[in-house]
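Shown below, as structure tokens, is a lone chain in the form predicted on its own; questions about how it binds or moves come after it.
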């Protein structure tokens, strides 16, 4: 307990984003801008938590915190320590937001709201009727997959390094939305992925590749040439090899900042019951850390 308290910083910290890694996160600048908008100070910090210590962290959070955001790799490993899940989080079995009240932990998933807001802000589109290709099958990808089904996208292709994980996700989404058009493939399956991309309206990259400057691209970038109408969204909020390649081809492309802002706005409203000040949060995102 003391170790987490010391690592989290001052007594004024009541909200945290946790991950491993987490140093890159801009959630504190963004969320503190929202709290400051309402005259509530700057109570939000960030903390690296080893996945093996997630149970210990949950016990710390019960008595010391009011809210938590979770990023890679904690969105699913936290589930055994959550007392109650929202319907959306229960459906997708992924949590990126915790609210703590009276020593009880309530889990929510706002990544779906994040991708819907990002697609709207960046491309002027809604997910309805879009053919979507998604790279990745982790916690954020899970929430996004369920969001595409709930928003009645035309189809979803899930490409993942581990094919079995993609199949498992597709099976859960298919049970949630019978009749939803789903396909899976491996990231290195050029034939299947290329066919999906050639008819896609939107490519969503939600693997962790791109967080580091030295990370390789998550797919064969030559496949982007198959569709001049493709929009490319990378959930990493920096210039990645995928985004550079897309922009070189003249494809509409966007990084993950709007997704972070809109999922963070939903988290802020869950914690405080106040309307999220989107423009203040957008300005806060640009602050130096």
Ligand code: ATR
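Note that this is a predicted model, so its numbers are computed, not measured. Residue numbers count along the first chain shown, from 1.
One more form of this protein exists, namely the form predicted together with the ligand; it is left out here, but the text below deals with it.
For the residues 110, 116, 153, 207, the 4.5 Å heavy atom test against the ligand in the predicted complex is passed only by 207. None of 161, 199, 172, 120 but one reaches within 4.5 angstroms of the ligand in the predicted complex through a heavy atom, and that residue is 161.
Checking 175-183, 79-87, 100-108, 133-141 against the ligand in the predicted complex, the stretch whose residues place heavy atoms within 4.5 Å of it is 133-141.
At least one heavy atom of residue 72 is located within 4.5 Å of the ligand in the predicted complex. The shortest heavy atom separation between residue 167 and the ligand in the predicted complex exceeds 4.5 Å.
At a distance threshold of 4.5 angstroms between non-hydrogen atoms, residue 193 is out of contact with the ligand in the predicted complex. Looking at residue 187, you'd find a heavy atom of it within 4.5 angstroms of the ligand in the predicted complex.
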